[in-house]
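Single chain ahead, by itself, as structure tokens, in the form predicted alone.
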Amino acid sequence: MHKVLAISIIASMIAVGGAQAQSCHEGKTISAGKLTIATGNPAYYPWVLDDAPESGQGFEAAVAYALAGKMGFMQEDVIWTRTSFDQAIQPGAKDFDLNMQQFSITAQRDKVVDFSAPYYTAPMAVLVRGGDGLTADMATLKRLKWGVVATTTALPVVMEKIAPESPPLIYDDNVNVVEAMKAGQIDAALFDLPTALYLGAVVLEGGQVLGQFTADETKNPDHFGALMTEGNPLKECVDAALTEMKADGSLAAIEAQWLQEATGVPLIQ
């Protein structure tokens, strides 16, 4: 079902290309008539499914094809390449037009590369261990024993929004929070959703991301942008395409498909 929906979204995006899209891709890419997009090597779920961005499955793969369609590129005109994360954020010439691999937009990086407007804003998510029987609602969250890092935005969210029945335990960093979960000292912790997905799948045995808040409930969240060379003439076109995708709801639909439904991480009610 996911494949059918992804193809449907891609097709609808490609069909939209108009006069503005036509002007976007002419003479602004490293290969005439083609859009070269880079991702990680390997690229991970839920950002890219099965390390195969060509399928258009996974959040960033789907966004990439939707962007390309808005900019006037057919699906077959998208070329994929791979880079490491650190390689991509170095200054200088690039062998790609866009690079999408969860680059947080920061002022320091923006001095040497260009970023598109954000295509994703990371919400806070609840990581638990052995979450069977728990539900993603505030009544459940209040009963859990929480651990938080003192210097992160998780602390005010736990204290003010969740307001648990027992005071949270405070730690210095994420590593200590995870170790506390392993030791059974705490039941739950808040991380941004990408970090929570990684910890739950790779680091914390029995880890489960119970639910996520909406992004607008997080102070100073990470914003992901497509990375380009500094001064890239394509940036205006990419930003215009993203603005259109936000306005028509297609970007939100892709996010819901791949970062809520596919991951099974529901919004906390």
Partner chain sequence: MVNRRQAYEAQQRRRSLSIAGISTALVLAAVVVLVPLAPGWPAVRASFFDASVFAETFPTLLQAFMIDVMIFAWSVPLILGLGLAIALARGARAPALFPLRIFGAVYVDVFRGVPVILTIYLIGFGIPGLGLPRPWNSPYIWGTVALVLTYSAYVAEVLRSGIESVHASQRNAAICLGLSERDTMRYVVLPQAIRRVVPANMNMLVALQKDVALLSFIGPVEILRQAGIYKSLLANFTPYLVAAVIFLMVTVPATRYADYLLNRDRDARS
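Rigid core (definition): largest C-alpha set, two forms, superposition within 1.5 Å. Please read all numbers here as calculations on a predicted model, not as lab measurements. Numbering follows the first chain given and starts at 1.
One more form of this protein, predicted in complex with the partner chain, exists but is not displayed; see below.
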TL;DR on 195-203, 68-76, 155-163, 117-125: the one with heavy atoms within 4.5 Å of the partner chain in the model of the complex is 155-163
Is the gap between I105 and the partner chain in the model of the complex 4.5 Å or less for some heavy atom pair?
-> no
Taking the shortest heavy atom distance, is D95 within 4.5 Å of the partner chain in the model of the complex?
-> no
Closest heavy atom of D86 to the partner chain in the model of the complex, within 4.5 Å or not?
-> yes
F191: touches the partner chain in the model of the complex, heavy atom cutoff 4.5 angstroms = no
Candidate spot P233, A240 and L242, all three in 4.5 Å heavy atom range of the partner chain in the model of the complex?
-> no
Are there residues in 171-203 with a heavy atom within 4.5 Å of the partner chain in the model of the complex, and which are they, in order?
-> Y171, D172, N176, E179, A180, A183, G184, Q185, I186, D187
Examine W146 after superposing the rigid core and state whether its CA is displaced by 2 Å or more between the shown form and the other one.
-> yes
If you line up the core, does A117 shift 2 angstroms or more at its C-alpha between the shown form and the other one?
-> no
Checking the C-alpha spacing of L134 and L49, a student should find that in the model of the complex it changes by 3 angstroms or more, with the atoms farther
Between P46 and L134, do the C-alpha atoms lie closer or farther in the model of the complex than in the shown form, with a difference of 3 angstroms or more?
-> farther
